Structures are given as C-alpha cells and as structure tokens.
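Quick heads-up: it's one chain on its own, the form predicted on its own, in structure tokens.
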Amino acid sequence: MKVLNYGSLNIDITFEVPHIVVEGETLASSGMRKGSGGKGANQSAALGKAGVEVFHAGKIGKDGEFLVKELESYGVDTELVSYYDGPSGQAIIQVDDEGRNSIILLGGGNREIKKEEVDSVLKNFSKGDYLVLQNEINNLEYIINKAYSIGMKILFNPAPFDPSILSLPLDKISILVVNEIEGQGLAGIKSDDYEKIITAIKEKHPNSEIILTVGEKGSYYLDKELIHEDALPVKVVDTTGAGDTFIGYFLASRIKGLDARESLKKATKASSIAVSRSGAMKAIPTEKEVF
C-alpha cells in the first residue's frame, strides 16, 4: 500500500505580532521568519515524520526548491513534484502573542496543476492506496474522480473552506477531516454543538469516516460509533500546521494498525506537541516522540 499526497507547497513568511492586524492598522512585528509550508506539504511532513512512506505530488516555481529539500529531509518522496515558470504558493502569516494565526494565501503553482499531470502522477498508484487532498490545489474534482476510479482510498481535508467544496463528489471520500468552520459549512448549520455538527455531516456522507477537530476542545470521530478525545493541556506557542499534524498522525496511526480511538489519541498528542513549538513543518514531532 502506498500513500500519495497531492497537495500544496507554500513558502511561509511569518510575522510575530502582539495581535492580529485589523482594518486600517499598521503594526510593528517583533520577528519574521521564512520557511516551508502549505497544508499539503505539512501533512506530508507529518506522515514522513510518523514513519510512513509518503509520495508528494504538486507544483512549484524555482523559488520553492528548498521546500522539496526540506520534505526529503523528513523522508518524503518528492519525485512527483513538478516545476513551472512562475511563483510557488505563498503564505503571509501573522502569529499573535497567544499563538493564534491569520493567513493570506497566493496559490502560485498550487493552482496551475494540469489534468495530464494528474494522469501522469496517478498511473503510479493502484487500488487500496491512499490519496490525501486539501482545498489548496486546482482540479480537485478531476483528481477525486480519477483516484476513485482506480480504487484509491481518499482522505480529504476541505480547507480552506469555500462554497465550491459542496459541488465536489464528496460521496467518493473515505475520510473527511474538518475543523469547526469547515464542519459547519459541510453540515449546513451554524452551531457550537459539535455532536450535532458531526452527526449532520455523517447523515449527508454516510459512506465516509468523519473527523471534527475543535482546537482546545479536542476532536470527534464518527463512523459506526461516536468518539470524543480531549485536547491535551499545553502552552500554545504557534497553531500554524496543528491541524495538518493531526491529520498526518491520524492516518499514520491507522496505517500502523491502530483503531480510530487510539489513532485520535496519537493525533492529539502529536498536534499538542506541534503547537508548543514555533513554525510549521519543523514543529511537527517525530515518530519517537508520539508512538
């Protein structure tokens, strides 16, 4: 069994600020760092650090070559990453004194993926392999349909959420992973009743395992049973990539043979470690720290 992550690769430029900038405000930053990111790349890094063989496919410009090198340092196979004559994806991130963040995205190469490139990538995979997707690349509908026709199991994280998600063939998704905002969007309800949200999503997508992450209030899983896992109390330094770490470690745990409950526990532990550190990929813990 192989794992393919067809996902975003971003250059992250992070500014440390006392609070998230508001309209009309100019704010001095106490620090700035440039690093590797993108939901896809972060999730691949988490899978690689968790000890899973993962292949990453995506598109970058020459400015993003260091992204590939960093992924490779975590054990990720990057032979399926392609280059084009344009900018890589970019993320401008604000992180405040409480560890909360705000992000502006430029799609760059993430939005320049061609259907023929998808065909070329997917010919390397077969029935029973996993495909990991997020909403930061283009041609998602084509990728989902093609992978499903092959017989791949698809994990989809519809982030960032927008109305176009609802038009995708979500009935072909094996595992849906959402946070509170994405969950409300998929459920079609505004509520802080998390059991109500995840139940509504499950009713709409009965063939999918549903995971709902709600930050400091933990996470929920629903398939044949409803499971809740509390968050671990830690000092939050930076929440960037926390959800991606959770997803990578949840899937890695399932691949290692753990059940849903134990997989939630491992994913929770991994994301708790990640938020106690600065950065995205570099903050993700190693397999030895979690298992």
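Residue indices: 1-based, along the sequence shown. Keep in mind that this is a model prediction, so the values were computed, not measured.
The same protein also has a form predicted together with a small molecule, omitted here; what follows describes it.
Within 4.5 Å of the small molecule in the predicted bound form, a heavy atom is found for all three of 93, 105 and 240. With the small molecule omitted here, the record of contacts in the predicted bound form names 36-44 of 53-61, 225-233, 256-264, 36-44, defined by a heavy atom within 4.5 Å. For residue 182, no non-hydrogen atom is located within 4.5 Å of the small molecule in the predicted bound form, even though that partner is not displayed. Not displayed here, the small molecule is kept clear of residue 271 by more than 4.5 Å at the level of heavy atoms in the predicted bound form.
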